[in-house]
Ligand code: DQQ
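Coming up is one lone chain in structure tokens, specifically the form predicted alone.
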Amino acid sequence: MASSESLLPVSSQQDPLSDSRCDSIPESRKRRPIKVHLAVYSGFLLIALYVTLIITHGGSSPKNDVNDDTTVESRARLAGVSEKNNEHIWKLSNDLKGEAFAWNNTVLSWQRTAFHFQPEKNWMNDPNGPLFYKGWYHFFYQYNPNAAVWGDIVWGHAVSKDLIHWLYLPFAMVPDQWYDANGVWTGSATFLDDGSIVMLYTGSTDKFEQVQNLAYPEDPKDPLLLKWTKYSGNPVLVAPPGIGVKDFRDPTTAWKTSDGKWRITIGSKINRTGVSIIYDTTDFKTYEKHDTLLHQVPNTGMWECIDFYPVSKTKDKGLDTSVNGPDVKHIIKASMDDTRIDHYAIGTYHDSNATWVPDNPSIDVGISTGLRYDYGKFYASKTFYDQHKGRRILWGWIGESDSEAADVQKGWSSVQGIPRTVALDTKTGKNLVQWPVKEIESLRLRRKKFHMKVEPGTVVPVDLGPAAQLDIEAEFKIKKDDLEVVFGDDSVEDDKEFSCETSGGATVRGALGPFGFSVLADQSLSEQTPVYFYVTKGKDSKLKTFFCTDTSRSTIANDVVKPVYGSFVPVLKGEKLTMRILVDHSIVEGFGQGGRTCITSRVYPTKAIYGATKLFLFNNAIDATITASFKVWQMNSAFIRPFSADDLGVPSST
């Protein structure tokens, strides 16, 4: 039994259209001859600007031959999007003292995942246009073919028979037209009535303006959809009056209206109000803009990657995007460009006037206390209706939490979360539930079952061997006598202020928590990532349960963002506390109470790697004994690889 000491306490975004943006400094280029004194004057001016930049940024030169943060910020602002790295966060961290951590190839190689989708190399971000077609699941994604940092965005493309074992295909679309010269950005697929596909996507033009474009398969008979044709009349939509040309992106999957038209929504902002603009079309080439907005929420900033879809109030099956009716609720999800958080809300859609009304305005889209798909690292998500199995599938981009220099050194950045089914929680009616697709279970190997009683202040090693690739399903029960003591003791004060993010993580002990698992831990627990429940006595003297992940001790590296994630999770009368955890090298996905609350974390151990990875069960509560019943599977690799003729049953030509 390991010591419990390791778990105890240890001593305004700038407007991209602004004239004052810093990316206005010109790069060197050929100039017409000018007078000598003007050349000298310009030379002094450039020297002065260069010195100013050196002073402003501490005089340090970029490490690992990567551009410094100023260059990356300028590139992102020029395009009108939020920053795509964590430099500005970890550089301000109290953990960063002196030089950044000296990563080596042994550690960096271990970070590559075994069963999460990621390209062979380089940068990846938003999921695009997922669909099922002629026996194949298709996944498109934002990809930089030239570097492990954001930029030069094309559409990567992969296919799978089961959403788990992916095969890389050639790029689907590249920036080869004026209307997408600076990037083929995020888009969505729509199936028309005849089964054909149209794809709407945002292009960043040669002037860095955001426009909407139409593309369709060159050969509809091709199950791999290898070649795409861009409509000759692109762009089909430009920013309307009153909308910034860099604030107009990410068209949704279209849905049918009651009068037979197709309807889409696109994200934007008006001053600080996040908005979803509505358009109707009959041919996807010409559009009619509605005077009203689908929805808007003040002080939430730019809405990007909007998603809009129906969920059943009575069944846990998915619905086609065009379904509506009395037994249906509609979800609006928007990715908040200011905070990099995906917020959703549940409400009622009115087809007649193309508006949507939230069930609970106090937790509307983008409000800080509102609902999230995931309380960890999860952004730019996209759902699609899987007509093959009658379910709605959610994809989410899982960015890095380390430094850009480390990403460049390892040669890749970002993964995609395991695809999840998503449905309305029919027991509560107030939240969604998400769960890894059933197909992930095909990777399960050897299983071990455990039943343990864990006393307060105890840490127990779980005998597994290496624990870098795991699927854990667990349920917990608090000893009834301990609950009665806590709730019958008036000296135990109500906990009105607990928060996963601000209450100190897994080392802070309470009467009924924390308890759970420490994953990706080394033998001495000097590196560990606890995933846990924390149960409090609410102000109504009822249980209030939180589901959290603490990455603060996940690595000794200092150039890593290491927050505590989590939120309240509904637990209904008679329910046991349940969690599921997927562990895959540098990513941990946690699902509390059947997926009512989900947390995705990126972690970068330096000691808990390869054969040194361990799993521990802990109970850091002060007063409660916990009984844990759980199953743990070692997980196989998904062996994601390039597509070959053999995958179609066609003999190889070699």
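So that there is no doubt, residue numbering starts at 1 and follows the sequence shown. This is a predicted model, so every value here is computed, not measured.
Below, we refer to the form predicted in complex with this ligand, which is not included among the displayed structures.
- Looking at Y373, you'd find every heavy atom of it more than 4.5 angstroms from this ligand in the model of the complex.
- At a distance threshold of 4.5 angstroms between non-hydrogen atoms, F517 is out of contact with this ligand in the model of the complex.
- When this ligand is considered in the model of the complex, A254 lies well away from it, no heavy atom lying within 4.5 Å.
- Heavy atoms of D126 reach within 4.5 Å of this ligand in the model of the complex, making it an interface residue.
- Contact annotation: of the candidates R249, R392, R553, H138, the single residue with a non-hydrogen atom within 4.5 angstroms of this ligand in the model of the complex is R249.
- Screening T321, T529, Q416, T186 for any heavy atom within 4.5 Å of this ligand in the model of the complex leaves a single hit, T186.
- Here the chain stands by itself, but in the model of the complex one stretch of 269 to 277, 304 to 312, 529 to 537, 466 to 474, 304 to 312, has heavy atoms within 4.5 Å of this ligand.
- In the model of the complex, Q142, W150, I153 are the residues of 137 to 157 with at least one heavy atom within 4.5 Å of this ligand, listed from first to last.
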